[in-house]
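A lone chain, given as structure tokens: the form predicted alone.
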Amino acid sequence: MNYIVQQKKFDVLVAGELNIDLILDRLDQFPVIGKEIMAGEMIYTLGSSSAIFASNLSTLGGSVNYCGCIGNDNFGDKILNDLAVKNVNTSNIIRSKTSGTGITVAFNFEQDRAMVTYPGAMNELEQNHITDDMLKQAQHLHVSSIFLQHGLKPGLIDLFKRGKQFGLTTSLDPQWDPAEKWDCDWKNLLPYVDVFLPNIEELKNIAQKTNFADAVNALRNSANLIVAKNSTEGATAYYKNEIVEQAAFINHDFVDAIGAGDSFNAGFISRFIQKKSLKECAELGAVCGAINTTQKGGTTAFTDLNTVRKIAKEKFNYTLQ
């Protein structure tokens, strides 16, 4: 009997939030109630965890399809243009008739930052917008920022379950919960997530543990591969009986950390979908996170693959194939 194997059109389908980042940099201090402070610089760029991931993964050579919601406004136009320039497919991005495009205002002070987000149209994305055809055309499904997506979050389990039924591998970066409730059915969701990508503070809050090791142990029975990011301390990956400790690549010319975790995700998943070793996945993730910090914003350092290779070699002595 002859079987017809469907050719996948995309390496990765990203289902997630879309917004603009307005970055206020070189602050004298963090904002104080009732006082006005000055910013030395302003950057207006593509934002959102999912879009930064998609854009940088495409720069690394992955073919990426995107499903999300934006407003019918200038911010939405910029998002479509910026993603298209990076060869991300935008034909499945929905333009809302009722909401504006989301925006995050980021306040950078030294190596710390605070952010305020207007979600806008990102709240309108629901799991039924991600069609079976979209899933069938991809090898991998990635979702991020679930607590910012009130329309998508209730259907997450069904979405990931459908992805697995169509043979996709999957990844999830939960990101921070602004309400700090961390309310999600993790026990039933995580078995459908092949790569779980929280940072250590998110992991501890999700597991309701104050100790990192206790948090990992609390989730390992439900999760498959846990990759816990820890900023300049690196990352640790846990898969069955394997543990990989990945040191950070330190950038001595640090600019800002906006999108560094998303760039880590892009590097990790680019190797994961190539079926590389856990060590290779974590190493490229760490390199991409460091590359991110050499320029302002989440995508500026990822202009094209040759630029990424040059930064990797010159600043971090890493040869990117």
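Quantities reported herein were computed from a predicted structural model and do not represent experimental measurements. Residues carry their position along the shown sequence, with the first being 1.
One more form of this protein exists, namely the form predicted together with a small molecule; it is left out here, but the text below deals with it.
- Residue 231 is the only one of 231, 81, 211, 131 with a heavy atom lying within 4.5 Å of the small molecule in the predicted bound form.
- Among the residues 60, 257, 43, 27, the one placing a heavy atom within 4.5 Å of the small molecule in the predicted bound form is 257.
- Partner contacts here mean any heavy atom within 4.5 Å of the small molecule in the predicted bound form, and among 65-73, 273-281, 34-42, 259-267 they occur only in 259-267.
- Interface membership of residue 175, defined by any non-hydrogen atom within 4.5 Å of the small molecule in the predicted bound form, is confirmed.
- The small molecule in the predicted bound form comes within 4.5 Å of a heavy atom belonging to residue 199.
- Within this chain, residue 190 is remote from the site of the small molecule in the predicted bound form, having no heavy atom within 4.5 Å.
- Although the partner is absent here, residue 103 lies well away from the small molecule in the predicted bound form, with no heavy atom inside 4.5 Å.
- The candidate spot formed by 16, 93 and 122 lies out of contact with the small molecule in the predicted bound form, as no residue has a heavy atom within 4.5 Å of it.
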